[in-house]
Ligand code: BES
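Take a look at this single chain, the form predicted on its own, given in structure tokens.
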């Protein structure tokens, strides 16, 4: 897709797309009056005849007389001003792209005039729309003999501050590439992306000053990451931990941890077939961390950030962990493994300890498709946010607002902690009561956090969609890339 910015629409018979705020159409297309007065009057009459009020998701396409002939104009309703968010604008941009492709248009100009009541400025709106339109063209078809890639599209966003939008666009392009990378990694079948295969892809990212270090199975044994190694022991595929460091400043680092279970069968307590079909996606957290780290380095963001991902495959075999086994984590704490499908928290427990031992992080954030229970709580709209630090939680919530990747804070408490007490080890990996599954999983992780501001993002519902959304396709969403990027950027002093 080609994205451009201009102060005026291009000449010729290029279709126009005009976003319309509900109940405020006159203000929305007023900027067209200077370009061609005929358009404004014709559109005003057409809106009245059609009863078009700018309702969300409603489109009205017209052939409008202009000075030199006719022009195709699509009025696109985006709803009331107070409902407009970065995420809704991206969805809107994706809907515009889908509409144009469905009607066999390969280019269009999107007219953005000053819009009353909207908190985002026109430059940010143009960038949100551009991102949604671009991401809507994503497809994962590398294993198809005949690809179904979206047709090319040339979009020009017309707004008074076109120069500022153009200057900001390289950052957006980098982030879009990062989202696509996270989607590609997550969509990759498990037989095509083993733990060591994932690590090999990370090694390819050693450019722009990004340092990549791979800890193989021998190194993990020497470190005594026995919780992580315990998850991997049922598989023929050896595990790995990958450390990616971008030292854009001399400050203490922000450390991002990602769960990277490249396939999760559930181990000796396996999932049902419907649950297991999509379990190649259990490394979406790791994919997001890797993609963010690559983008930070590519753009030279002046921040010290470290990404650490734990890569394992959870499989049943004669070597696999058994329910009731006890493993010793890197921290020295022992864990009773009551359920072999609660494996991600074992991986993260060792990563949390490793990050604290090797670095002195100013903030520690893990991101993981950790609990299926999260989908029952927050569906596909929000990630669960747990934190031991109110300031860090507020920063992540602010980043969620700016990025459009939503979070909802959920509690940690002593009652949940008591539910994890084991009679044979320091802690058990699930509760026997089988309640508060997402919260007790976060509480389990908190046992391995020392005096460090820490947050846990459970993205089980947001990382993967079974249905198509306006700027995505069924499968991986790349959730977390935009959220974590905005968070890291907002920590810059």
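Remember, predicted model here, so these are calculated numbers, not experimental data. Residue numbers count along the first chain shown, from 1.
Omitted here: the form predicted in complex with the ligand. The next part is about that form.
- The chain is drawn here without the ligand; in the predicted complex, the stretch among 248-256, 210-218, 366-374, 382-390 whose residues come within 4.5 Å of it by any heavy atom is 366-374.
- Although the partner is absent from this view, residue 281 contacts the ligand in the predicted complex, with a non-hydrogen atom inside 4.5 angstroms.
- When the ligand is considered in the predicted complex, residue 432 lies well away from it, no heavy atom lying within 4.5 Å.
- Within 4.5 Å of any heavy atom of the ligand in the predicted complex lies no heavy atom of residue 109.
- Taking the partner from the other structure, the ligand in the predicted complex has no heavy atom within 4.5 Å of any heavy atom of residue 457.
- Distance criterion of 4.5 Å from any heavy atom to the ligand in the predicted complex singles out 271 from the list 271, 166, 328, 105.
- Contact with the ligand in the predicted complex, defined as a heavy atom within 4.5 Å, holds for exactly one of 339, 177, 201, 120, namely 339.
- Although the ligand is not shown here, in the predicted complex the stretch 291-324 places no heavy atom of any residue within 4.5 Å of it.
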